[in-house]
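Next up: a single chain in structure tokens, the form predicted on its own.
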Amino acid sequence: MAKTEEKTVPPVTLVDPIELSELDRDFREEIHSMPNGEELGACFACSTCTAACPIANSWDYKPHQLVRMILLGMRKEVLASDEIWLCLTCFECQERCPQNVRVTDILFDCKNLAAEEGRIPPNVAELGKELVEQGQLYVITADWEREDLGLEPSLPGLQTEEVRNMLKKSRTGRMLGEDD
């Protein structure tokens, strides 16, 4: 019988090890206590949410992995991930979940927590500021197109002052530094 050579190379790992000391043990409970997180603990990582998501293939963390990360207490990684902001909010994951985990709504909760910590992607912050400043997301700038269609250059009856005032006083306005 031939003697096998002793291996000196460390074993290959498919995932990065989790540093237990960096886990936030309260994160799971924080999400679970939110109105949409009641079924969070029921997730058994079947990946149905990921299979239903139309853009999960382009994500580094798939929806079922984000839920698992929440359950493990990986607060920093979840709230810093781009995926919580990239969700299309099509609710396919949520509607197909056999355990009724409200995945889309949980991602909304994560966005809110990330925003409260000042982790808002620049493009989202710009859209928020535009909304607060203008009272609408899309301002009509091509007056000539409206005129070509026989319409008035500006939208008649559009009043955004009240919307702007409400948004400035809202949580969104305060987070974006728009409260006066």
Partner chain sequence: MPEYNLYAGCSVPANYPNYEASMLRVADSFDMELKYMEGVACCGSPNLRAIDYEGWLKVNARTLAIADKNGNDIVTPCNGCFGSLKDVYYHLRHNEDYVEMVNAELASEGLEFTGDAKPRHFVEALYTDIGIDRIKENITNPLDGVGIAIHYGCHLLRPKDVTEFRPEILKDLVAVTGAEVIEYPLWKQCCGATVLPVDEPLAIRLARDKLKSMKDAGAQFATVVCPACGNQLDLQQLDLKNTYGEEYNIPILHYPQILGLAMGLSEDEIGLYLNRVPAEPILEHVSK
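Numbering follows the first chain given and starts at 1. Superpose the two forms; the largest set of C-alphas matching within 1.5 Å is the rigid core. No experiment lies behind these values; they were computed from the predicted model shown.
There is another form of the same protein, the form predicted in complex with the partner chain; it is not shown, and what comes next is about it.
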(message) When the partner chain is placed as it is in the predicted bound form, are 89, 111 and 128 each within 4.5 Å of it, taking any non-hydrogen atom of the residue?
(response) yes
(message) Given that the partner chain is not shown alongside this chain, does residue 35 nevertheless sit within 4.5 Å of it in the predicted bound form, heavy atom to heavy atom?
(response) yes
(request) Examine residue 158 and determine whether its closest non-hydrogen atom to the partner chain in the predicted bound form is within 4.5 angstroms. (result) yes
(request) Consider residue 163 of the chain shown here, and say whether it contacts the partner chain in the predicted bound form, taking contact as heavy atoms within 4.5 Å. (result) yes
(request) Using a 4.5 Å heavy atom cut-off, state whether residue 47 contacts the partner chain in the predicted bound form. (result) no
(message) The chain here is shown without the partner chain. Which stretch in 132-140, 24-32, 39-47, 66-74 comes within 4.5 angstroms of it in the predicted bound form, by heavy atom distance?
(response) 132-140
(message) Under the 4.5 Å heavy atom criterion, name the residues of 92-108 that approach the partner chain in the predicted bound form, in sequence order.
(response) 92, 94, 95, 102, 105, 108
(request) Superpose on the rigid core, then tell me if the C-alpha of residue 44 is displaced by 2 angstroms or more between the shown form and the other one. (result) no
(message) For a quick test of reading the superposition: does residue 134 move by 2 Å or more at the CA between the shown form and the other one, rigid core aligned?
(response) yes
